[in-house]
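This document starts with one chain, in the form predicted alone, laid out as structure tokens.
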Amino acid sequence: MKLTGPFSQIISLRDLPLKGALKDEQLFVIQNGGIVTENGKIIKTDNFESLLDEYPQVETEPIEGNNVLLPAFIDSHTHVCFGGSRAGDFAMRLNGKTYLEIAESGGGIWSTVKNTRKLTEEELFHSAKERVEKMIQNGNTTIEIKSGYGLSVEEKLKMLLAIQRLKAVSRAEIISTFLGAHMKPKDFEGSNAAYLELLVNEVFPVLRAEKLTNRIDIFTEKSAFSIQESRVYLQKAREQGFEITVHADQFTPGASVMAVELGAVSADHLEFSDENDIKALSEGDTVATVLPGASIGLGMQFAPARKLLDAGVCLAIASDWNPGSAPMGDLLTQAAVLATFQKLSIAEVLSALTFRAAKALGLTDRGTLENGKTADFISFPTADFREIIYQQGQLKPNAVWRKGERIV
């Protein structure tokens, strides 16, 4: 058993609802706080002196100076296993080309597919590991990674094997997701439906047999797969026992409604969600995961985060780190920018990066600092938690703990 502290403030995020709007006044702030952990779990958070009295023989991990303690961040949507760069795409966007025009000229997702296919499993593993290490330094201890750039049976499995290797050695917890349905490969001679059927028949059994993932994703959009094509594919995934999630409403509305109807754990993007999508999300249990990094990278509108929260939706914020639309990869900076434009409270932002993001991954054992939860937490060198969002990502964590052990 170990007591870590004292911290100027501990923001535990306990006793907050999973859905809907939040005010900063709802945050429970422990002044001069400490946290007791054992075997990777939180035993108690309270005033540091009170914990010393309650646990007189406990080992202490002293913290010096002014620091604020938060639950560690959870990035529930990334594509950090990839090859190459899309700086050329970015330059074309700055010169007025649209996402679809860039794709038609040889850029876009297919460009990354070609560059990813050039890398060996070993090279993919090492490049993804470097990105994950950067994310850990920025306070992320649970990270989802999608396998969206192989787009052939052999290449998709290569990506998943690289992610599996990373999962085994990373200091963060890695959650893998199969995104074979990112787009139909240009070298596949057949219809969208035939390609999706290939994934169901040839890849799904391997995912199960090799225990590579239990999560299936699809990009539902005019440039990728239609709502009806996605529905058939996701229904088959559910029938085989997979959790499902959807790239929804990035350029056109409607996919969120389908995601809720099918019981998807999350609907991600949502830049063009309309009133029907917001209503469906408010009535269902699907998490709305917004990706401000993609809006920044593409120079387009943000997802309607304020409307989603006011409608009673569970909102998560993720980085979408990928080489094309969201190359920044800095989750906290993106969240702070989104908060500014969508008028989100600090309580709403912190919740969207922690326990609400955990729900988007089907996790209930982390995201708050309370008894029995996984002891993943981070500290920032400040005496006032409001500085973390106020400084728009420029105030970085000075310590990161995973299962009670300091890793940064």
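Each residue number is its position in the shown sequence, starting from 1. What you see is a predicted model; the values in this text were computed from it and never measured.
Not pictured, yet referred to below: the form predicted in complex with a small molecule.
Looking at 170 to 178, 124 to 132, 332 to 340, 318 to 326, the stretch with residues near the small molecule in the predicted complex, meaning non-hydrogen atoms within 4.5 angstroms, turns out to be 318 to 326.
The small molecule in the predicted complex comes within 4.5 Å of no heavy atom belonging to residue 213. Using a 4.5 angstroms limit between non-hydrogen atoms, residue 156 is distant from the small molecule in the predicted complex. The closest non-hydrogen atom of residue 219 lies within 4.5 Å of the small molecule in the predicted complex.
Residue contact with the small molecule in the predicted complex: residue 266 places no heavy atom within 4.5 Å of it.
Annotated contacts: 86, 109 and 247 all touch the small molecule in the predicted complex [non-hydrogen atom within 4.5 angstroms]. Checking 90, 99, 242, 204 for any heavy atom within 4.5 Å of the small molecule in the predicted complex turns up a single hit: 99.
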